[in-house]
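Take a look at this single chain, the form predicted on its own, given in structure tokens.
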């Protein structure tokens, strides 16, 4: 098979049998797995490396949301719409290829419900929904009394509500392992417990391999799918990237009767906190059930480096917000709490594509808390660009070059 790269260079895809690969993907989370699946579907020889267990980082700490409800019109929403449309087709193709027992991911189109308990917040919520509808989102405004038909246990203090029937959920680790199962079935390789220390380059500056804890591995391209660690990896590769960890915390309740919480429900401030650049702690109420009957309670955001300490104040704020939305949760025991790090970028858009400062180094990162939902379209877009195919959406807003005009760009090797 021959592949025409995005830069026009024709090259032979090969598997040298000695541990090399056409593409080395660093990171086995859902985004790295989606890239590996899309590349192997095009015949690429792929090696996925991770220093930890499969899908054990940000993906394992996610709630599995596939959302359009919290996205303002723009490239982020366009990517979310493409990914939301692609996920069910991708899962169906994986079931056909692997068999149903190896590709069941608890996919459910449950819908979302955004609510406001104050008049100003309600007006802002309805304005936001109107803008989304103009961009093709199915956003249905409800009268205050209608919200109870969707969520019988919701607080009666709701003043405005918007139903988003397109929102869905899947189990993120199951989705990731299904993608990687397809990679293996096509001859791709996956190695865990391997630390990638850097990227090796040729005389022309192009990436030609990676240095790992188990030795050098030659390759034709490297994909940085390191999630919140992507900034560190990019800097080590000689192409700094403004990706920072943004911490979030989730509470998990004991199992409740089916139907206690039917949708992903969140207060009107959730979208604002997701788009905020404030590094300090921000909390908004988010409540949703899993197929196992437990209820997941979020959401918090804070840029505090890689400090993984669970803070009692954050846990109390999450519990208080959930009980205000759903008074029935006030007496429900919390089984556990966990935290994780999301890959944050200053403009809240992912970075997808080849880095012109280091040809052969590709990025697929910066999705913050939306990586599960955006992974399907991200993997497809990266593989299309790598193979020289017409992309299914405009890649320009996601290219790393957008940082060149900023102070970050001037200080980090942009010309």
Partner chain sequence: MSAPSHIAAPLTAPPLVVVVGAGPAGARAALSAARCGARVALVDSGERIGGQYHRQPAVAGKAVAGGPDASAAHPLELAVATQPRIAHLPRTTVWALEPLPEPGPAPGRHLVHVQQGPADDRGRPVRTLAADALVLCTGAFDRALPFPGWELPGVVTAGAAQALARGQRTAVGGRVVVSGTGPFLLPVALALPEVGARVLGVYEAGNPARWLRSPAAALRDGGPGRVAELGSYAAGLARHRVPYRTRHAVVAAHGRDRVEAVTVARLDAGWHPVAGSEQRIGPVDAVCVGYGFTPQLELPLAAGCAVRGGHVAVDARQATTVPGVYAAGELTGVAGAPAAAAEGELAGLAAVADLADLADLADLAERPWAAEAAAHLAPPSPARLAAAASRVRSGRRFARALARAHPVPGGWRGWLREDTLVCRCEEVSYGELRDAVAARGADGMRALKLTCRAGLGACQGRVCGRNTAELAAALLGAPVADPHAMDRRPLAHPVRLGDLAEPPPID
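Please read these numbers as outputs of a predicted model, since none were measured by experiment. Positions refer to the first chain, counted from 1.
Missing here is the form predicted in complex with the partner chain; even so, the following discussion is about that form.
Quick one: does residue 184 come within 4.5 Å of the partner chain in the predicted bound form, counting heavy atoms only? Because a heavy atom of residue 184 falls inside 4.5 Å of the partner chain in the predicted bound form, the answer is yes.
Would residue 102 show up as a contact with the partner chain in the predicted bound form if we use heavy atoms at 4.5 Å? Looking in the predicted bound form, residue contacts with the partner chain include residue 102, since a heavy atom lies within 4.5 Å.
Using 4.5 Å between non-hydrogen atoms, is residue 213 touching the partner chain in the predicted bound form? Residue-level check for residue 213: no, no contact with the partner chain.
Is residue 262 close enough to the partner chain in the predicted bound form to count, meaning some heavy atom within 4.5 Å? Output for residue 262 is no: heavy atoms all beyond 4.5 Å of the partner chain.
Which pick from 236, 304, 323, 124 sits with a heavy atom within 4.5 Å of the partner chain in the predicted bound form? Residue within 4.5 Å of the partner: 323.
Name the single residue among 268, 329, 162, 158 that comes within 4.5 Å of the partner chain in the predicted bound form, judging by heavy atoms. Result of the distance check: 329.
At 4.5 Å between heavy atoms, only one of the stretches 378 to 386, 33 to 41, 351 to 359, 57 to 65 reaches the partner chain in the predicted bound form; which one is it? The contacting stretch here is 57 to 65.
Given a 4.5 Å distance limit between heavy atoms, list every residue of 221 to 244 close to the partner chain in the predicted bound form, or none if there are none. Residues within 4.5 Å: none in this stretch.
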